[in-house]
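For reference, the chain that follows is the form predicted alone, supplied as structure tokens.
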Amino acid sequence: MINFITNFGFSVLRLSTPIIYAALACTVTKKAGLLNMSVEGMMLCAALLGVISSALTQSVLLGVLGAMLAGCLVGALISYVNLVGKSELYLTCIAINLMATGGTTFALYMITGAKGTTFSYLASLAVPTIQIPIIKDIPLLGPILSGHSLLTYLAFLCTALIWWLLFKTRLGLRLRSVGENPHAAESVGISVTRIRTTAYLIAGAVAGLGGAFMSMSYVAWFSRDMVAGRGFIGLSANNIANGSPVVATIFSMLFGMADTVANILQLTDAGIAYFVKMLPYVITIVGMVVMSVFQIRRRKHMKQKAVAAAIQEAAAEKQT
């Protein structure tokens, strides 16, 4: 039983990692008033370039940086096409995802001659795992928290960094102001295009870390469509969290837990496993409905308070 608990907890953290990166990438763009549906494509391109970079340079660091660069390039492409070329954002993101699916397969074939995986063709490296001193020796808790990829721990550090960026820095203030009212932000001299481009570049770098985890930690090779919808699940976690990095991370872990349960059930009953894999999307729908209900009630309450305040002010003026 203890082994089951430790293995389950370890798997939850491991499977939550790429979802956390995807959710944080979407959080940054959401605060800038953009819906980043292309995070799936960002992660897929990053996963391929990370493997290629690490294989060519035999450096884990350069492999991870290559993955982040791939995410940034995709973000730059989207921002240019949408913000400069004035294309429709949703269609642009869909096109990027489709391009990433076909483009990575084509690039894989051109580089290795294979259409499925780089396993036997590129000697790519893996990000090392970390044994945390003291914590690793704690019964039950140690095997769950220690021994993960460095990128797993970095995902939780990124949660804190994104929160600090959004709520404690001048750039974060400008991101939020552009997201809330771009016209008002522009009227005080803030370049909406530059701020939103910056948001896409940051989101691309974060999504790149998620892609690097998939091809340099989860496994040590690239395979076609290996992101497998984790970018969309991260987008769902962000939508439920309504742009909060911490809440998005919590929901990402819940989705990672559902994924872990599905993997376990798949060993016993495939039908139940597929049902569990459907849960993240069901949770997203339910969460969005609940959030909408609360937001409607909140707006109604604020409207009632505003009306009451206006009536009181009118009555006071009448008495004077």
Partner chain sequence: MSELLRVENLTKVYSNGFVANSDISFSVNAGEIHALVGENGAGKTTLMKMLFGMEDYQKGAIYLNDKKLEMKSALDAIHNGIGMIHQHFMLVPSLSIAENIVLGIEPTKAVMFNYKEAVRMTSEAAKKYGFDLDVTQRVSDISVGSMQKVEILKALIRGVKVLIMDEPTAVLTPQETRELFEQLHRLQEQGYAIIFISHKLEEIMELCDRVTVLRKGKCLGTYDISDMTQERISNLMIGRDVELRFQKDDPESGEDLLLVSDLIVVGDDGKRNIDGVSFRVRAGEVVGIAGVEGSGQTELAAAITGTEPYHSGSITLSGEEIRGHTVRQLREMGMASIHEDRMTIGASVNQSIRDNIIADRFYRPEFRKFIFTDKKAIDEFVDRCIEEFEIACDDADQPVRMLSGGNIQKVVVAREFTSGCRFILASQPTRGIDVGTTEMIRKRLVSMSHENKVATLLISADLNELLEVSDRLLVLRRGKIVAAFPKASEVSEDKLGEYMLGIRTMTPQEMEGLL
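Numbering follows the first chain given and starts at 1. Note that the structure is predicted; figures quoted are calculated from it, not measured.
Just so it is clear, the following notes concern the form predicted in complex with the partner chain, a form of the same protein that is not shown.
Notebook entry, point to check: So in the predicted bound form, are Arg174, Ser177 and Ser187 all sitting within 4.5 Å of the partner chain, heavy atoms only?
Noted result: Yes, all three are in contact.
Check: Taking the partner as it appears in the predicted bound form, which of 177 to 185, 125 to 133, 141 to 149, 207 to 215 has residues with heavy atoms within 4.5 Å of the partner chain?
Finding: Within 4.5 Å of the partner lies stretch 177 to 185.
Next item on the list: Spell out, yes or no, whether the shortest heavy atom distance between His301 and the partner chain in the predicted bound form is within 4.5 Å.
Entry: So His301 does not count as contacting the partner chain.
Check: Even though the partner chain is not shown here, does Ala314 get within 4.5 Å of it in the predicted bound form, heavy atoms only?
Finding: Ala314: contacts the partner chain in the predicted bound form.
Margin query: Contact with the partner chain in the predicted bound form for Thr169, defined as at least one heavy atom pair within 4.5 Å: yes or no?
Written below: Thr169 belongs to the contact set for the partner chain.
Margin query: Considering non-hydrogen atoms and a 4.5 Å limit, does the partner chain approach Phe119 in the predicted bound form?
Written below: Because no heavy atom of Phe119 falls inside 4.5 Å of the partner chain in the predicted bound form, the answer is no.
Item checked: CA-CA separation of Glu186 and Arg299, closer or farther in the predicted bound form than in the form shown [shift of 3 angstroms or more] -> They are farther apart; the C-alpha distance rises by 3 Å or more in the predicted bound form.
Note to self: I want to verify one pair: Leu175 and Arg299. Are their C-alpha atoms nearer or more distant in the predicted bound form compared with the form I supplied, knowing the change is 3 Å or more?
What the structure shows: Leu175 and Arg299 sit farther apart in the predicted bound form.
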